[in-house]
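What follows are structure tokens for two forms of the same protein chain, given separately as structure 1 and structure 2.
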Structure 1
């Protein structure tokens, strides 16, 4: 764990200002790091801007750790740390399954993401990233924008998602999810045709909207929900979809439930409401707990592990780093179809839930590359 980082002659200290830190909390924090098996976690505080940031590097075995910067008002420093740890681990597995030469990382900035004082805050974050000397590359995420990435760029080159580069990742992400749903249909129904199938789509934002267009073009029937009525209205109008209240989306009788909004939507309360045969969507961390993946398996509901099916966003960022064309990025996202078929094959052969099979697939690639590197030393 990296507790202190030198920047511009001042010391950036772990977590909150020293007066707010209690010595007895150190044991708790180190236990969290041990549990998630991270390579490095850096916590920085810069008093002149009020910057409080955490960068979690889970693994660099496959390449530099890549993951977005999330700007959020967390309930506690511990909550922010857990979010960074969990998300960065997910990025490692997402890159591994997608076949990318990237590791997994994530950063969070603790604070009000509606603030107008963004340049000094994100330049401080850029200095934090620069201190890690290329082990971590960032991009935009919840609460951040391409303009924020430009501020980071002023302090470090280890940033992607800049204005005029890879652009909005939503179309590529949605295409990968669409291909993933087709893979699920192939396993469930013996054909990947979606014409005539009903999809309950939760979330009509950027990714949800593009996914709805793809599903509609193939002839799927859509039932949609979102907390924003304007987003719903657009999908209803352009895709001849039926709308339901946000809480009712779980009760819709459909072939597929596609969560494309919040995480932890598969939980004790919603599981008993689901009337579907497939869960496959773009949202991160869809399972509130691993046992909910076991529960889906027990009900014979096919679950497409989220970090496999939503890997198109990471593929889009990698395309910027590698100088790929949009067509090549889209084709790479289309390979999510094959990755999911491999996940389902492992799950069947080893008689394990699909979320565990996805972990197995990711870990196999990481271990294989690590072994090659050891043998070449």
Structure 2
């Protein structure tokens, strides 16, 4: 077996069993990698700075593994590893359904993300990314900033989301969500026209605001909620929206519920309140549990799987790798419409919930590309 475990910059490769003499804990780690067939995980350590990082590469079948760097104070190293594994796998699926030539990766830096001593940490991270020779490309994520990306850039070119480049991805994300809502409407009502339809929008932040503008421009009625009254007021003013208290948004009778704030908003408590025909919004991890996706299906509520409909952020970053332009990023985000129609088609043909159909679509594309590559001499 080719696995190596070193105290600094060590690499664990999935797909091989651990050595018989390996300590029990290491066996656990390999089992974690093998569970979802991660290609590679690097444990990175820099004693001079106290930097401790994990870079997880789930798949490079479609292209270099792209995914942000999360800077977080985890309860344990194992928790950090599991987060990196889970998030990197999610990136593989997201890139695959978005039709991008990117694989899935993610990295975490373990520690207090409010620290002022950022340059040595992020340069150390950059050096470890550079050692992967382009198999992994990083970007911003929770706990990091564009300035942090500049520190990484000093050590490697395999970084996006830099100052003065594509910038805030939310207009592109919102456009993708808007197109996704139209695809849902087409399946549900036979027309993707949103004029006269009512959308209950949760969250008037970066994505929610831009989404509200697009929906309003098409003539949709908006009922909105946010815990921040200033953000609500802006959307009410600019989009002639009606506002409700944050807890009331689940009870609004509407065609569409668009979650654009938090994760896990489709749960036991909210499901019984919903009076909509479509759930389609930008928030990540909308289903508290898979069974809530089944419950939406059972109630004939069309669910646009979150990682398909909110792929605009990743599409925006990808556009940056190829020389960013808003037109190009928007055009690609517009294709979320077709991706969702395909998801709904798979769901219908195979009689499975849409969240499973999305996984199927991603896996189909990865398998098809892997096959093409295998057949090339």
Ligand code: NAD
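Nothing here was measured: the structure is a model prediction, and the numbers come from that model. For the two forms, the rigid core is made up of the largest set of C-alpha atoms that agree within 1.5 Å on superposition. Residue numbers count along the first chain shown, from 1.
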Choose between structure 1 and structure 2: indicate the form predicted on its own.
1
Tell me, please, whether between the two structures the C-alpha of residue 207 is shifted by 2 Å or more, with the rigid core used for superposition.
no
Does residue 191 show a Cα shift reaching 2 Å between the two structures after rigid-core superposition?
no
Does residue 313 move its CA by 2 angstroms or more between the two structures when the core is aligned?
no
How much does the C-alpha of residue 158 move between the two structures, in Å, when the core is lined up?
2.4
